[in-house]
Ligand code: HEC
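Given next, in C-alpha coordinates, is a single chain: the form predicted on its own.
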Amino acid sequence: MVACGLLLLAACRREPTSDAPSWQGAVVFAPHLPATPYPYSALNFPQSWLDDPALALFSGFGGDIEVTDAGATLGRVLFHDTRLSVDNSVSCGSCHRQSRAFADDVAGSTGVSGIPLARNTPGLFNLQYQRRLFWDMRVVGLENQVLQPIGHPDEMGMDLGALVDKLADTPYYPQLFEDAFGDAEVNLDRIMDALVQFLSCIRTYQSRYDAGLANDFADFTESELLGKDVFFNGSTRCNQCHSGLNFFSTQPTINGLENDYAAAGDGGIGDLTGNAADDGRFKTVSLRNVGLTAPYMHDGRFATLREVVDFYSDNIEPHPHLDERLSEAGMGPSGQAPYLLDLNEAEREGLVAFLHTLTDTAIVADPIFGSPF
(Lines give C-alpha, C1' and ligand atoms only; values in the text may rest on other atoms or scores of the structure.)
Protein backbone atom coordinates (compact mmCIF):
# COMPACT_ATOMS: atom_id res chain seq x y z
CA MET A 1 0.00 0.00 0.00
CA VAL A 2 1.00 3.60 -0.49
CA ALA A 3 2.49 4.90 2.74
CA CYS A 4 0.61 7.45 4.76
CA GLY A 5 2.49 10.64 5.46
CA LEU A 6 4.57 12.84 3.22
CA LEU A 7 7.51 10.82 1.95
CA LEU A 8 10.40 11.97 -0.14
CA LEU A 9 11.00 9.04 -2.44
CA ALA A 10 14.60 9.87 -3.08
CA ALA A 11 15.50 6.25 -3.63
CA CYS A 12 13.17 6.14 -6.61
CA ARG A 13 14.76 9.08 -8.42
CA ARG A 14 16.80 8.53 -11.51
CA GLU A 15 19.49 10.71 -12.93
CA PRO A 16 18.08 12.02 -16.22
CA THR A 17 19.91 11.21 -19.40
CA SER A 18 19.93 13.40 -22.48
CA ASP A 19 17.07 11.43 -24.01
CA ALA A 20 15.18 10.74 -20.78
CA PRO A 21 11.67 12.16 -20.31
CA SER A 22 11.62 15.45 -18.47
CA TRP A 23 9.80 14.01 -15.47
CA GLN A 24 12.62 11.60 -14.66
CA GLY A 25 14.86 13.00 -11.98
CA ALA A 26 12.07 15.13 -10.47
CA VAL A 27 11.41 14.92 -6.75
CA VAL A 28 8.33 12.80 -6.10
CA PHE A 29 6.13 13.06 -3.00
CA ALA A 30 3.68 10.31 -2.14
CA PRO A 31 0.10 11.24 -1.23
CA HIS A 32 -1.27 11.06 2.30
CA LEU A 33 -3.91 8.31 2.19
CA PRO A 34 -5.87 6.65 4.99
CA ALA A 35 -5.07 3.05 5.86
CA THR A 36 -8.68 2.18 5.03
CA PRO A 37 -10.01 3.94 1.92
CA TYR A 38 -12.77 6.48 2.36
CA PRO A 39 -16.23 4.90 1.71
CA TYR A 40 -16.88 6.50 -1.66
CA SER A 41 -19.07 3.60 -2.80
CA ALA A 42 -21.50 4.29 0.06
CA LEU A 43 -22.07 7.94 -0.93
CA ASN A 44 -25.42 8.86 -2.43
CA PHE A 45 -27.96 11.64 -2.68
CA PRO A 46 -30.64 11.87 0.05
CA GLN A 47 -33.88 10.01 -0.54
CA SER A 48 -35.71 13.23 -1.35
CA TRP A 49 -33.42 13.68 -4.35
CA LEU A 50 -33.67 10.06 -5.43
CA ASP A 51 -37.49 10.23 -5.27
CA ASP A 52 -37.75 13.56 -7.09
CA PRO A 53 -39.41 12.88 -10.49
CA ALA A 54 -37.76 15.84 -12.23
CA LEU A 55 -34.27 14.83 -11.14
CA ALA A 56 -35.01 11.22 -12.08
CA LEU A 57 -35.30 12.37 -15.70
CA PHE A 58 -31.68 13.54 -15.64
CA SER A 59 -30.04 11.02 -13.31
CA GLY A 60 -27.44 8.60 -14.56
CA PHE A 61 -25.70 11.04 -16.88
CA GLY A 62 -22.41 9.97 -15.33
CA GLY A 63 -22.52 6.81 -17.44
CA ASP A 64 -22.35 3.25 -16.19
CA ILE A 65 -18.97 3.42 -14.46
CA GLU A 66 -19.22 1.80 -11.02
CA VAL A 67 -17.75 3.67 -8.05
CA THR A 68 -15.42 1.64 -5.83
CA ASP A 69 -13.53 2.90 -2.81
CA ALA A 70 -10.16 2.10 -4.39
CA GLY A 71 -11.16 3.49 -7.79
CA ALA A 72 -12.35 6.83 -6.41
CA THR A 73 -9.25 6.99 -4.19
CA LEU A 74 -7.10 6.71 -7.29
CA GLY A 75 -9.28 9.36 -8.94
CA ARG A 76 -8.77 11.69 -5.99
CA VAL A 77 -5.00 11.34 -6.25
CA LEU A 78 -5.07 11.90 -10.02
CA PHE A 79 -7.33 14.95 -9.67
CA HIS A 80 -4.98 16.68 -7.22
CA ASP A 81 -1.64 15.54 -8.67
CA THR A 82 0.41 18.18 -10.50
CA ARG A 83 2.31 15.37 -12.24
CA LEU A 84 -0.59 15.12 -14.66
CA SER A 85 0.67 18.37 -16.23
CA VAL A 86 3.62 18.55 -18.56
CA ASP A 87 5.79 20.58 -16.18
CA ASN A 88 4.45 19.20 -12.87
CA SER A 89 2.99 22.59 -11.95
CA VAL A 90 -0.79 22.27 -12.44
CA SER A 91 -3.37 19.75 -11.31
CA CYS A 92 -7.10 19.54 -12.00
CA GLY A 93 -7.53 20.82 -8.46
CA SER A 94 -5.38 23.88 -9.17
CA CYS A 95 -8.28 25.43 -11.10
CA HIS A 96 -11.13 23.45 -9.55
CA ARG A 97 -10.49 24.34 -5.93
CA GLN A 98 -12.33 22.57 -3.15
CA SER A 99 -12.65 25.80 -1.13
CA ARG A 100 -14.51 27.35 -4.08
CA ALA A 101 -16.88 24.40 -4.62
CA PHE A 102 -14.38 23.18 -7.21
CA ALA A 103 -14.49 26.42 -9.19
CA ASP A 104 -11.82 29.17 -9.30
CA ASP A 105 -11.77 32.75 -8.01
CA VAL A 106 -10.51 34.41 -11.19
CA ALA A 107 -12.29 35.14 -14.46
CA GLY A 108 -9.90 32.92 -16.39
CA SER A 109 -7.74 30.27 -14.76
CA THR A 110 -4.09 30.04 -15.79
CA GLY A 111 -2.49 26.74 -16.72
CA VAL A 112 0.94 25.70 -17.94
CA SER A 113 0.99 28.19 -20.82
CA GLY A 114 0.67 31.17 -18.49
CA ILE A 115 -2.19 32.46 -20.66
CA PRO A 116 -5.48 32.98 -18.78
CA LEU A 117 -8.31 30.94 -20.25
CA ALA A 118 -11.09 32.84 -22.01
CA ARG A 119 -13.85 31.10 -20.07
CA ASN A 120 -14.52 30.95 -16.36
CA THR A 121 -13.88 27.69 -14.51
CA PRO A 122 -17.23 26.19 -13.43
CA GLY A 123 -17.82 24.33 -10.18
CA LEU A 124 -17.75 20.54 -10.20
CA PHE A 125 -20.57 18.86 -8.30
CA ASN A 126 -23.75 16.87 -8.89
CA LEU A 127 -22.34 15.72 -12.21
CA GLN A 128 -24.78 12.82 -12.22
CA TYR A 129 -27.30 15.31 -13.59
CA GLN A 130 -25.11 16.73 -16.34
CA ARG A 131 -24.97 15.02 -19.70
CA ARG A 132 -23.24 17.75 -21.69
CA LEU A 133 -20.05 19.37 -20.41
CA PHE A 134 -18.15 22.63 -20.98
CA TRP A 135 -19.78 26.04 -21.35
CA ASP A 136 -20.58 25.32 -25.01
CA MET A 137 -21.80 21.80 -24.11
CA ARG A 138 -19.62 20.30 -26.80
CA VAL A 139 -18.89 17.03 -25.02
CA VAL A 140 -21.42 14.37 -24.12
CA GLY A 141 -20.60 12.40 -20.98
CA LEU A 142 -18.09 12.93 -18.22
CA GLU A 143 -16.03 10.01 -19.47
CA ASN A 144 -15.42 11.93 -22.71
CA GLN A 145 -14.52 15.16 -20.89
CA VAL A 146 -12.06 14.38 -18.11
CA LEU A 147 -8.94 13.84 -20.23
CA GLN A 148 -9.40 16.94 -22.39
CA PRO A 149 -8.07 19.52 -19.88
CA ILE A 150 -5.05 17.30 -19.25
CA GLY A 151 -4.11 17.40 -22.92
CA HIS A 152 -5.08 21.02 -23.58
CA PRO A 153 -1.97 23.11 -24.36
CA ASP A 154 -3.11 26.07 -22.23
CA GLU A 155 -4.34 24.00 -19.29
CA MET A 156 -2.16 21.03 -18.35
CA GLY A 157 -0.35 20.55 -21.66
CA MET A 158 0.37 16.85 -21.20
CA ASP A 159 0.72 14.49 -24.13
CA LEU A 160 -1.75 11.75 -23.23
CA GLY A 161 0.44 8.99 -24.59
CA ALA A 162 3.35 10.20 -22.49
CA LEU A 163 1.04 10.51 -19.47
CA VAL A 164 0.65 6.73 -19.29
CA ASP A 165 4.42 6.22 -19.14
CA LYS A 166 4.83 9.08 -16.68
CA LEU A 167 2.33 7.68 -14.20
CA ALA A 168 3.64 4.15 -14.60
CA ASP A 169 7.09 5.53 -13.75
CA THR A 170 5.76 7.31 -10.64
CA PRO A 171 6.40 5.14 -7.55
CA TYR A 172 3.00 5.41 -5.91
CA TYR A 173 0.77 4.78 -8.94
CA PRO A 174 1.30 1.07 -9.73
CA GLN A 175 -0.10 0.02 -6.36
CA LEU A 176 -3.00 2.46 -6.64
CA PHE A 177 -3.91 1.09 -10.06
CA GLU A 178 -3.61 -2.47 -8.79
CA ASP A 179 -5.90 -1.69 -5.86
CA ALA A 180 -8.44 -0.10 -8.19
CA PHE A 181 -8.35 -2.49 -11.15
CA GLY A 182 -6.70 -5.73 -10.02
CA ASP A 183 -3.33 -5.19 -11.64
CA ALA A 184 -0.78 -2.39 -11.99
CA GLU A 185 -1.32 -1.57 -15.67
CA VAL A 186 -1.68 2.15 -16.34
CA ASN A 187 -3.70 3.16 -19.38
CA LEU A 188 -5.90 6.05 -20.46
CA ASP A 189 -9.15 4.15 -20.01
CA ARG A 190 -8.27 3.49 -16.38
CA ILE A 191 -7.17 7.08 -15.77
CA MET A 192 -10.50 8.24 -17.21
CA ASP A 193 -12.45 5.67 -15.22
CA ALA A 194 -10.87 6.67 -11.90
CA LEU A 195 -11.36 10.39 -12.48
CA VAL A 196 -15.02 9.83 -13.35
CA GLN A 197 -15.49 7.78 -10.19
CA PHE A 198 -14.06 10.53 -8.00
CA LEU A 199 -15.88 13.39 -9.68
CA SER A 200 -19.22 11.60 -9.60
CA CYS A 201 -18.87 11.37 -5.81
CA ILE A 202 -18.79 15.17 -5.34
CA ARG A 203 -22.40 15.70 -4.35
CA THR A 204 -23.81 18.84 -2.78
CA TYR A 205 -27.12 18.92 -0.92
CA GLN A 206 -26.31 20.14 2.62
CA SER A 207 -26.99 23.86 2.57
CA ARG A 208 -29.03 26.11 4.84
CA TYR A 209 -31.68 26.05 2.13
CA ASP A 210 -31.89 22.27 2.40
CA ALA A 211 -32.22 22.55 6.18
CA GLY A 212 -34.96 25.11 5.58
CA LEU A 213 -36.94 22.64 3.50
CA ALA A 214 -37.12 20.48 6.62
CA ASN A 215 -37.97 23.20 9.19
CA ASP A 216 -40.06 25.58 7.08
CA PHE A 217 -37.14 28.02 6.91
CA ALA A 218 -37.40 28.83 10.60
CA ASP A 219 -33.75 29.90 10.71
CA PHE A 220 -33.86 32.24 7.71
CA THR A 221 -33.44 35.96 8.27
CA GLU A 222 -36.06 38.45 7.12
CA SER A 223 -33.84 39.37 4.16
CA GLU A 224 -33.29 35.73 3.20
CA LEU A 225 -37.03 35.05 3.33
CA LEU A 226 -37.68 38.08 1.12
CA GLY A 227 -35.04 36.86 -1.32
CA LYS A 228 -36.58 33.39 -1.37
CA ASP A 229 -39.93 34.92 -2.24
CA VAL A 230 -38.36 37.03 -5.00
CA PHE A 231 -36.67 33.94 -6.44
CA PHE A 232 -39.78 31.76 -6.43
CA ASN A 233 -42.63 34.26 -6.85
CA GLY A 234 -43.01 33.61 -10.58
CA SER A 235 -42.79 37.21 -11.73
CA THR A 236 -38.99 37.26 -11.62
CA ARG A 237 -38.81 33.87 -13.42
CA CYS A 238 -35.55 33.03 -11.62
CA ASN A 239 -36.66 29.48 -10.96
CA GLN A 240 -37.74 28.92 -14.55
CA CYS A 241 -34.10 28.69 -15.65
CA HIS A 242 -32.62 27.52 -12.34
CA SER A 243 -35.20 25.01 -11.21
CA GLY A 244 -35.74 22.08 -8.90
CA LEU A 245 -33.60 20.81 -6.06
CA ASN A 246 -30.44 21.27 -8.12
CA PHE A 247 -31.33 24.84 -9.24
CA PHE A 248 -30.30 24.10 -12.82
CA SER A 249 -31.44 23.41 -16.35
CA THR A 250 -30.14 21.03 -18.97
CA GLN A 251 -30.98 23.61 -21.65
CA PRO A 252 -28.48 26.29 -22.70
CA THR A 253 -29.70 29.88 -22.91
CA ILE A 254 -28.97 33.23 -24.50
CA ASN A 255 -29.23 35.56 -21.52
CA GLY A 256 -28.64 39.02 -23.01
CA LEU A 257 -25.12 39.82 -21.93
CA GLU A 258 -24.36 41.12 -25.44
CA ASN A 259 -26.10 42.28 -28.59
CA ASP A 260 -23.65 40.17 -30.58
CA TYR A 261 -21.66 37.59 -28.61
CA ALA A 262 -19.48 36.47 -31.49
CA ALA A 263 -18.40 40.06 -32.18
CA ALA A 264 -17.65 40.44 -28.47
CA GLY A 265 -15.28 37.50 -28.69
CA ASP A 266 -17.19 34.34 -27.73
CA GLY A 267 -20.26 33.05 -29.53
CA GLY A 268 -20.62 29.98 -27.32
CA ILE A 269 -22.51 27.19 -29.01
CA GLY A 270 -22.89 29.46 -32.02
CA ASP A 271 -19.15 29.22 -32.66
CA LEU A 272 -19.59 25.46 -33.04
CA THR A 273 -22.80 25.35 -35.05
CA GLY A 274 -22.47 28.52 -37.14
CA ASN A 275 -26.16 29.06 -36.46
CA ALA A 276 -27.15 32.64 -35.64
CA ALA A 277 -29.80 31.30 -33.27
CA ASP A 278 -26.98 29.89 -31.13
CA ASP A 279 -24.94 33.09 -30.90
CA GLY A 280 -24.19 33.47 -27.21
CA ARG A 281 -25.97 30.31 -26.16
CA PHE A 282 -24.19 28.87 -23.11
CA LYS A 283 -24.79 26.18 -20.55
CA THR A 284 -27.16 27.01 -17.68
CA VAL A 285 -25.18 26.17 -14.55
CA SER A 286 -26.55 25.16 -11.14
CA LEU A 287 -26.91 27.92 -8.56
CA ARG A 288 -25.87 25.63 -5.74
CA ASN A 289 -22.77 27.00 -4.02
CA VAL A 290 -23.07 30.16 -6.12
CA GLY A 291 -21.84 32.19 -3.17
CA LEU A 292 -18.48 30.43 -3.51
CA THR A 293 -18.01 30.40 -7.27
CA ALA A 294 -17.43 34.08 -8.12
CA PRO A 295 -16.73 35.56 -10.59
CA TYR A 296 -19.81 34.84 -12.68
CA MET A 297 -20.97 34.17 -16.24
CA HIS A 298 -19.08 32.24 -18.89
CA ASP A 299 -16.35 34.88 -18.98
CA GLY A 300 -16.33 35.79 -15.29
CA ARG A 301 -17.33 39.39 -16.03
CA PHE A 302 -19.28 39.92 -12.79
CA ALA A 303 -17.28 39.92 -9.58
CA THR A 304 -20.22 39.73 -7.16
CA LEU A 305 -23.70 38.28 -6.88
CA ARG A 306 -25.05 41.79 -6.51
CA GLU A 307 -23.71 42.62 -9.97
CA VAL A 308 -25.48 39.56 -11.36
CA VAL A 309 -28.77 40.54 -9.70
CA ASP A 310 -28.46 44.11 -10.99
CA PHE A 311 -27.81 42.79 -14.49
CA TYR A 312 -30.93 40.64 -14.58
CA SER A 313 -32.98 43.40 -12.98
CA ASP A 314 -31.95 46.29 -15.21
CA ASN A 315 -29.42 45.56 -17.91
CA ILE A 316 -30.37 42.62 -20.14
CA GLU A 317 -29.34 43.52 -23.70
CA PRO A 318 -31.69 43.02 -26.64
CA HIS A 319 -30.68 40.08 -28.81
CA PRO A 320 -32.40 38.59 -31.88
CA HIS A 321 -32.59 35.23 -30.09
CA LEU A 322 -32.89 36.29 -26.44
CA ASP A 323 -34.47 33.52 -24.37
CA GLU A 324 -38.22 34.13 -24.12
CA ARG A 325 -38.14 33.80 -20.31
CA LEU A 326 -36.01 36.94 -20.22
CA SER A 327 -38.39 38.88 -22.45
CA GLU A 328 -41.34 41.10 -21.55
CA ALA A 329 -43.94 38.48 -22.48
CA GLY A 330 -42.09 35.60 -20.84
CA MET A 331 -43.32 33.20 -23.51
CA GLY A 332 -43.65 32.91 -27.25
CA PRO A 333 -40.81 33.37 -29.74
CA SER A 334 -37.31 34.29 -28.69
CA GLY A 335 -35.84 37.70 -29.47
CA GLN A 336 -38.48 39.85 -27.82
CA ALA A 337 -37.66 43.02 -25.88
CA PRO A 338 -35.83 42.35 -22.59
CA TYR A 339 -37.77 42.09 -19.36
CA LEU A 340 -36.75 44.64 -16.74
CA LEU A 341 -37.50 43.48 -13.19
CA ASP A 342 -36.71 46.87 -11.65
CA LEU A 343 -36.18 45.34 -8.21
CA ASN A 344 -36.00 47.64 -5.20
CA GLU A 345 -32.98 47.73 -2.89
CA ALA A 346 -34.42 45.36 -0.29
CA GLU A 347 -35.36 42.83 -2.97
CA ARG A 348 -31.88 42.96 -4.50
CA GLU A 349 -30.14 42.50 -1.17
CA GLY A 350 -32.61 39.81 -0.19
CA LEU A 351 -32.03 37.88 -3.39
CA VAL A 352 -28.27 37.96 -2.78
CA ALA A 353 -28.81 36.81 0.80
CA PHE A 354 -31.02 33.93 -0.35
CA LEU A 355 -28.49 32.78 -2.94
CA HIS A 356 -25.89 32.50 -0.18
CA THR A 357 -28.15 30.02 1.62
CA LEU A 358 -27.43 27.57 -1.23
CA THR A 359 -23.82 27.18 -0.02
CA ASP A 360 -22.89 23.67 1.12
CA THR A 361 -20.12 24.01 3.69
CA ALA A 362 -19.65 20.25 3.88
CA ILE A 363 -18.08 19.62 0.49
CA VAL A 364 -15.59 22.48 0.84
CA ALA A 365 -14.11 21.00 4.02
CA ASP A 366 -14.59 17.24 3.71
CA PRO A 367 -11.16 15.55 3.43
CA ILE A 368 -12.71 12.85 1.26
CA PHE A 369 -12.58 15.36 -1.62
CA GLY A 370 -9.47 17.32 -0.63
CA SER A 371 -5.92 17.10 -1.87
CA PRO A 372 -3.94 14.16 -0.46
CA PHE A 373 -0.64 15.90 -1.17
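Keep in mind the model is a prediction, meaning the values are calculated, not measured. Numbering starts at 1 and follows the sequence shown.
Another form exists, predicted in complex with heme C (HEC); not displayed. Remarks below refer to it.
Interface membership of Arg100, heme C (HEC) in the model of the complex, 4.5 Å heavy atom rule: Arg100: no, not in contact with heme C (HEC) in the model of the complex.
Heavy atom of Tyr40 within 4.5 Å of heme C (HEC) in the model of the complex: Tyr40 lies outside the contact set for heme C (HEC).
Can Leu257 be called a contact residue for heme C (HEC) in the model of the complex at 4.5 Å between heavy atoms? Judged by the heavy-atom cut-off of 4.5 Å, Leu257 is in contact with heme C (HEC) in the model of the complex.
Applying a 4.5 Å heavy atom distance criterion, does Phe231 contact heme C (HEC) in the model of the complex? Yes, contact at 4.5 Å.
Work out which of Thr170, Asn120, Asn246, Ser200 lies within 4.5 Å of heme C (HEC) in the model of the complex, going by heavy atoms. Here the answer is residue option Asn120.
Tell me, out of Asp154, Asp271, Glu178, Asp165, which residue has a non-hydrogen atom within 4.5 angstroms of heme C (HEC) in the model of the complex. In short, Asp154.
Heme C (HEC) in the model of the complex: contacting segment from 205-213, 121-129, 218-226, 181-189, heavy atom within 4.5 Å: Among the listed stretches, the partner-contacting one is 121-129.
Among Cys92, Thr110 and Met297, does every residue place a heavy atom within 4.5 Å of heme C (HEC) in the model of the complex? Every residue of the candidate spot has a heavy atom within 4.5 Å of heme C (HEC) in the model of the complex.
Residues from 145-166 in contact with heme C (HEC) (non-hydrogen atom within 4.5 Å) in the model of the complex: The stretch touches the partner through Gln145, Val146, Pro149, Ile150, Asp154, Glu155, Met156.
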